[in-house]
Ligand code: HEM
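Just one chain is shown here, as structure tokens, and it is the form predicted alone.
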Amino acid sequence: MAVNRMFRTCPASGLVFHEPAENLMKANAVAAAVSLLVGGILAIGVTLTRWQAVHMLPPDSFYLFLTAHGLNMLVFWIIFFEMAILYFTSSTLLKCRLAAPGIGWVAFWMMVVGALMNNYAVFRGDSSVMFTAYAPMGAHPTFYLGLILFAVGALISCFVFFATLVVAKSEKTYNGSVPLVTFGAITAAIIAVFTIASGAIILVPTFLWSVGFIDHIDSLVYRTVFWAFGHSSQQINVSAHVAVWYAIAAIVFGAKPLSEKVSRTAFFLYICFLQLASAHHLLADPGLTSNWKIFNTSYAMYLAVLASMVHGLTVPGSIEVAQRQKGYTNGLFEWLRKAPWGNPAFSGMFLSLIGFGFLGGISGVMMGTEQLNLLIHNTLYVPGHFHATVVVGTTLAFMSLTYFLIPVLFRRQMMFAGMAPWQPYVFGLGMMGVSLFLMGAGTLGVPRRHWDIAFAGNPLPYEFPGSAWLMMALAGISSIFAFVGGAMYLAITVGSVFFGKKIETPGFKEISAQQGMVGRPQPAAAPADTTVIAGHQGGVGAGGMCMVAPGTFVLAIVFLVSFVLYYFINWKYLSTVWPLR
């Protein structure tokens, strides 16, 4: 009976929370929010310096801000939140106790100490080596040690997640195979183990080099192994935020996967091939054969692209089927027009899906092609691309999930109910602008790592066309909108968690999952159905997509046409420089 008192059932959603897992979810989510706050403040300094008309920071401060921003956003914010997702998709969705919660807390505090150590190293002023920290640039030893501690803590958390799956299986808390959302989290955790192992292979000797135990770190070896960590860490994000897409489709609409087998196969393709996209950072490097480059950036990578296209088709397809079953059957897009666009959980998820697919996906395939990569390698196109994937795709998806978790996990009513429906639009559209305009500037050749695109004071200055300056100005303006959207998110979530009215258990049943998100009902949204989130649904056969989800099929055709046109334009652009050879 003592063990049973450690569980609670949420009356609104039907989800079962194990108290130790619940506490770890809360701790990781709060740490993630703090990292997002720090990274967001630093982002303003970076973008307003890139904006030539403002040019806010001197070079030393710019590179300090850029280093801290990259690490807090790409590593600390996202991985802390992903650890919360792992605990949620294992203990909560499988209705089982968390394995070894004490070890989970050890892992959490290792991650916290590691993040603090790394930030200390950067802000002390002698570790402005950026996210990549390419050797032979050297940072303070605490820079590397902090990353190692954080990575080991995350790895231990992954092992706690796997152990929890074993507990659920042995105690038979679910039947059959694990739910699809949990399967997506397993995919993320498997990629995380590979990623962290790769990081250890290169960061441990680099730390020893920083303290003088090793005389030399080969720069080419560092780059090659680092990107197995640096880029693959973002592939953890892709798997995690796709799992969030499926979860929110189920929570808001009661949507069932069109075909669980197809979706699971797509996740499996992520495990096998997604990390190979890391090669696009190395296509201009010597020492790697053309055969290796071509294989990784064509035949192998396209299988990962196929997986993302499957998810991009099945998630909106499942929503369309659910909406049509509710009676929204007029025309191709009534199901979409009548979707709950005032519900930030849905709007954030759908903007994440569109931005990740059209901006991040198309640009990623283009820059992953060996020949086309030479057009934009080390230009601002690269950060434009990963802001579309990591920020619009992952961060916005995580934000949308938060609107469901605050009333369900933290048991707090949402503050600033009138502002919450607008937040995903302000942040999402602002960040889409940042991504689009950075990619535009990169296409015109604006460098990725130089603090001053005018190259002021150089003996051989380079004059970019006026359109490049315009792109940078528009990126700066868009970043301000995105910053406001991020501030809105932190005000809503932090305010709700610490100052929102506590939802007492007797009255909790009166609050639907959607009402709790923004403090008012969303008539087009279905109540959360835990059997759809955590259960097993056969869904509709994927082969009948054009019949059961014609609107999604048309959107897929639009995506395909956009992809083909953009691909052709870049090959045409490349052909104009061939005569220079």
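This structure is a prediction, so every number in the text was calculated from the model and none was measured. Note that residue numbering follows the sequence shown and begins at 1.
Heads up, the form predicted together with ligand HEM isn't pictured, but that's what we're talking about next.
Novice: Work out which of Phe386, Phe410, Phe273, Tyr328 lies within 4.5 Å of ligand HEM in the model of the complex, going by heavy atoms.
Specialist: For this set of options, the contacting one is Phe386.
Novice: Tell me, out of Lys501, Arg337, Arg449, Arg324, which residue has a non-hydrogen atom within 4.5 angstroms of ligand HEM in the model of the complex.
Specialist: Checking each option against ligand HEM in the model of the complex, the one that comes within 4.5 Å is Arg449.
Novice: Of the listed stretches (148-156, 310-318, 76-84, 93-101), which one has a non-hydrogen atom within 4.5 Å of ligand HEM in the model of the complex?
Specialist: Heavy atoms within 4.5 Å of ligand HEM in the model of the complex occur in 76-84.
Novice: Report whether all of Ala240, Met349 and Phe358 sit within 4.5 Å of ligand HEM in the model of the complex, measuring from non-hydrogen atoms.
Specialist: No: none of Ala240, Met349 and Phe358 comes within 4.5 Å of ligand HEM in the model of the complex.
Novice: Quick check on Phe207: any heavy atom within 4.5 Å of ligand HEM in the model of the complex?
Specialist: Residue-level check for Phe207: no, no contact with ligand HEM.
Novice: Does the 4.5 Å heavy atom contact test between Val497 and ligand HEM in the model of the complex come out positive?
Specialist: Heavy-atom contact with ligand HEM at 4.5 Å: absent for Val497.
Novice: Can any non-hydrogen atom of Asn28 be found within 4.5 angstroms of ligand HEM in the model of the complex?
Specialist: Answer no; every heavy atom of Asn28 is more than 4.5 Å from ligand HEM in the model of the complex.
Novice: Would you please decide whether Ala168 lies within 4.5 angstroms of ligand HEM in the model of the complex, comparing each non-hydrogen atom pair?
Specialist: No, Ala168 stays farther than 4.5 Å from ligand HEM in the model of the complex.
Novice: Though the partner is not shown here, which residues of 480-504 have a heavy atom within 4.5 Å of ligand HEM in the model of the complex?
Specialist: Stretch hits, in order: Ala482, Phe483.
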